[in-house]
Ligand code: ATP
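What follows is a single chain, given as structure tokens, in the form predicted alone.
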């Protein structure tokens, strides 16, 4: 890595010639602040000049103290010494030009762009050119994150299109399905299910709603409550600040339903909008948008972020571990641009989010308990043909997740069911359940601490539509043919309204 930064420090007032002062300051800096903590060589000031109320330095680095870090160190020391010797302060510092050269392990497959910098590539060598940025750009460490972002984008090119790591753990015997029909299509034909008035959402009429609620009660009584999980009720809205901490805002910004508050409730501000509605009988979109604030929140994508946010900054007593919580109060909304199908791939779905926080050992034990409860449900109550696999993104496998013991404890187990209406038993499986342990990713992000213990966390989202479609795809819509275990939760279906 090579860093070449030209930075200007603005004085609180113009000063006389500072050449002697700067010469001595630079010599001291090379022996002190620009070398302190360096694993090998530190940073160096190769040029400096003073004119009026500005001092401009050129800082080069090929070592562990990067030029932008060195510039912040210089600011502090320069401010202190100028005050002591010349009774002058510093108002601010500004980046004039910053050239960064980095070498990659592999040559990028296509050009990469990032904000704030011009990026050029020569084989495995990447050059970043940054110009005219304010003090906060240096202090807030944008540069390191820009460098990491370039590496991430190049790495993403390398693994684009490669499959996730998937390892089969267990598979049930093959079972004869009751039929070969698509349950979502049949539910619609019977009128039990109707399209919602917005994209990718469904209206469940009484028979379908009874099946969905039976799945919910089954999950609560057979999995959630026997393991001691306690219910919470949370808001449907999630702040963007929360998603910034969880990574959703950078990981899937194109899948979030964003929320905009009105600019005001003042009827005078909405008068033109109302006039247009009454006159045109249409929604005046431009006028509406002009009356809305910039989004600062979104609709629930998954329930766990708000649960973590509710615990932010808390220190949990060791006697309260593990913390076992669940939420079933809000649906999850995810924008699907395509690929929607029936009730298993939708923009809005219902689930029970199970979240756990504890020590590594507690979570590993809980994962085993959850696994046994799900086995019981899928084998003895729903009587499904299903399988269980350990999964991880392909790049994590390459990074050693399958070999390192502690890393192997993190990750996800998927539970998948065969969908007979799709045909091929070798390929047509639907993920209906998972169990994840994410280590200290979220406890660290939200500063959730243990009294003495180091805390990990994880979650297990029970997707009620997924359970429902897997069951109906294999067992059909006739309650008489359903397994006795499920009949205890749904012995019969309510009558359907007759439409003329």
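Positions refer to the first chain, counted from 1. If you're wondering where the values come from, they're calculated on a predicted model, not measured in any experiment.
What comes next is about the form predicted in complex with the named molecule, which does not appear here.
Using a 4.5 angstroms threshold between heavy atoms, residue 336 counts as touching the named molecule in the predicted complex. With a 4.5 Å cutoff on heavy atoms, residue 55 does not count as touching the named molecule in the predicted complex; it lies far away. Taking the partner from the other structure, the named molecule in the predicted complex has no heavy atom within 4.5 Å of any heavy atom of residue 67. For the chain shown alone, residue 345 is a contact residue for the named molecule in the predicted complex, at least one non-hydrogen atom being within 4.5 angstroms. Note on the interface: of 29 to 37, 42 to 50, 460 to 468, 437 to 445, the segment with non-hydrogen atoms within 4.5 angstroms of the named molecule in the predicted complex is 460 to 468. 432 is the sole member of 455, 59, 472, 432 with a non-hydrogen atom within 4.5 Å of the named molecule in the predicted complex. Contact annotation: of the candidates 349, 308, 142, 243, the single residue with a non-hydrogen atom within 4.5 angstroms of the named molecule in the predicted complex is 349.
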